[in-house]
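Single chain ahead, written as structure tokens, the form predicted on its own.
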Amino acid sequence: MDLYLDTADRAELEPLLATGLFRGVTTNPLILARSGVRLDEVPDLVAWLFVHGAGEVFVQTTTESADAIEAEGHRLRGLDPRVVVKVPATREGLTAVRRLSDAGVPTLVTAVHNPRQAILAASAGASWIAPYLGRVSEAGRDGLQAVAQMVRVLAGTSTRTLVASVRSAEDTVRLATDGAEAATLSGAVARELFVEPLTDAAVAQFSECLPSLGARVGG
């Protein structure tokens, strides 16, 4: 499973990107606002992300009509060839995705909540869909089951699944088990992946042995 980071906070991103374990970064208007990034600062953020190790950056359109989304998508793609254009799963958005895909612009259909939208995204030629796992579950549906169904629906197509709104490290494991190709994680969930008390205890035992081992080698 490919892992991405779902934040625009540079202080949070820098140490995680430095591990080399995260494929890239996803953003949306809400994430940008939470991190204090204005729309006119997005080009600078994108450049910074690539310098600090992101291999791919997803940037979302902010307009509503198909024509405006298409034009904005081309502008975002013009920032860097490693930018993927995110577009909400509305009728206008999917219409724009079809046009962008035909023009060779990689796209991600975001805010996906049911398998019908996954089918439409594949028909539009989207490179990715982003199901909102947590939000689907919080709406009273079985989010993991819905994502698993989307993965099956997209099998044999060129559209991949990048799951967003992931609430825990355990959800990440379940997603990988169910065949999701990628997930994008908040900084908190990403850090949670590294936590294992049994490993910490084993490392502490190793460290306790080092002084006596050093004495034997020196002697």
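None of the values given here were measured: they were computed from a predicted structure. Counting begins at 1, following the sequence as shown.
Not pictured, yet referred to below: the form predicted together with a small molecule.
Colleague: Quick check on residue 161: any heavy atom within 4.5 Å of the small molecule in the predicted bound form?
Modeller: Residue 161: no, not in contact with the small molecule in the predicted bound form.
Colleague: Find out whether any non-hydrogen atom of residue 167 is located within 4.5 angstroms of the small molecule in the predicted bound form, and reply yes or no.
Modeller: Yes, residue 167 sits close enough to the small molecule in the predicted bound form that at least one of its heavy atoms falls within 4.5 Å.
Colleague: Considering only heavy atoms, tell me if residue 30 and the small molecule come within 4.5 Å of each other in the predicted bound form.
Modeller: It does: once the small molecule is placed as it appears in the predicted bound form, residue 30 has a heavy atom within 4.5 Å of it.
Colleague: Looking in the predicted bound form, any heavy atom of residue 34 within 4.5 Å of the small molecule?
Modeller: Contact with the small molecule, yes.
Colleague: Does the small molecule, in the predicted bound form, lie within 4.5 angstroms of each residue among 2, 23 and 107, using heavy atoms as the measure?
Modeller: No, the candidate spot makes no contact with the small molecule.
Colleague: Please determine, with the chain shown alone, which of 131-139, 76-84, 144-152, 96-104 has non-hydrogen atoms within 4.5 Å of the small molecule in the predicted bound form.
Modeller: Contact criterion met by 131-139 only.
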